[in-house]
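Starting off, we have a lone chain in the form predicted on its own, written out as structure tokens.
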Amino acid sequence: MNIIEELLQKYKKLHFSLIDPDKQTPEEAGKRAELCAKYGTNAIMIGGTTVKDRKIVYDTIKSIKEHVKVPTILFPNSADAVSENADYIFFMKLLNSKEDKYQISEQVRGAPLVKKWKITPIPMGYIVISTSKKPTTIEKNVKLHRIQIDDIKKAVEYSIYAEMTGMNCIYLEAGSDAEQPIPNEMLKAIRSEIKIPIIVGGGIKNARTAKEKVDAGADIIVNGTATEENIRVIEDIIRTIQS
């Protein structure tokens, strides 16, 4: 049983707080993580689309672990963002990327580091859904086979592929500052086809929306922008999805 299964067995629905090392100092990251843990978040994810400096990642995780006891999970954009002091790592493929870099190359570079530093991997299928008129940060930085907000069939196909290739979970990502979250209809369709946990992030700005997502089939809600702009909403989201 992996850490996500253990947490789901205990809490039924989970909340992860995503902290981008590029968005604040390590000390500030630790303080934000402490608030999120106080509100009840189940894990702290560390990563971002533009993170390149391993030392910044290391220092951010170090500060976070000084402030909280919840698990730290790396969410790296490349092998350069892998840090030895994380508890876990989402060892993931960006399934709808057009670039080999995000399908296998960075994973091959990072695998020896994960093994050397004994970071526990969580195999994950990462799927970016285009829900906004304006490109999100990840859409600006990565060439994608775009999955539009109404392309439910394609999203389901990628999700089934992830499960059939042995991934522990999928992460449906609308992107940082997404105008809309992942549609409920898409989540329901995916949930009806797969059994592995579904993580959902991007565009979830309040407790009502978060509750809609878990009711539609999401197991884990991720908030990133809220940790920077409106951290108090995380308390409401956690209380609502775990009630």
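All values derive from a computational prediction rather than experimental measurement. Each residue number is its position in the shown sequence, starting from 1.
The form predicted in complex with a small molecule exists for this protein as well; it is not shown, and the discussion that follows is about that form.
The candidate spot formed by 25, 30 and 60 is out of contact with the small molecule in the predicted complex: none of the three has a heavy atom within 4.5 Å. Figure note: of the listed segments 208-216, 190-198, 176-184, 63-71, the one touching the small molecule in the predicted complex, with heavy atoms no more than 4.5 Å away, is 176-184. Contact annotation for residue 171: at least one heavy atom lies within 4.5 Å of the small molecule in the predicted complex. Remark: residue 102 does not count among the residues lining the small molecule in the predicted complex, judged by a heavy atom distance of 4.5 Å or less.
Under a 4.5 angstroms non-hydrogen atom cutoff, the small molecule in the predicted complex lacks residue 220 among its neighbouring residues. Interface membership of residue 14, defined by any non-hydrogen atom within 4.5 Å of the small molecule in the predicted complex, is ruled out.
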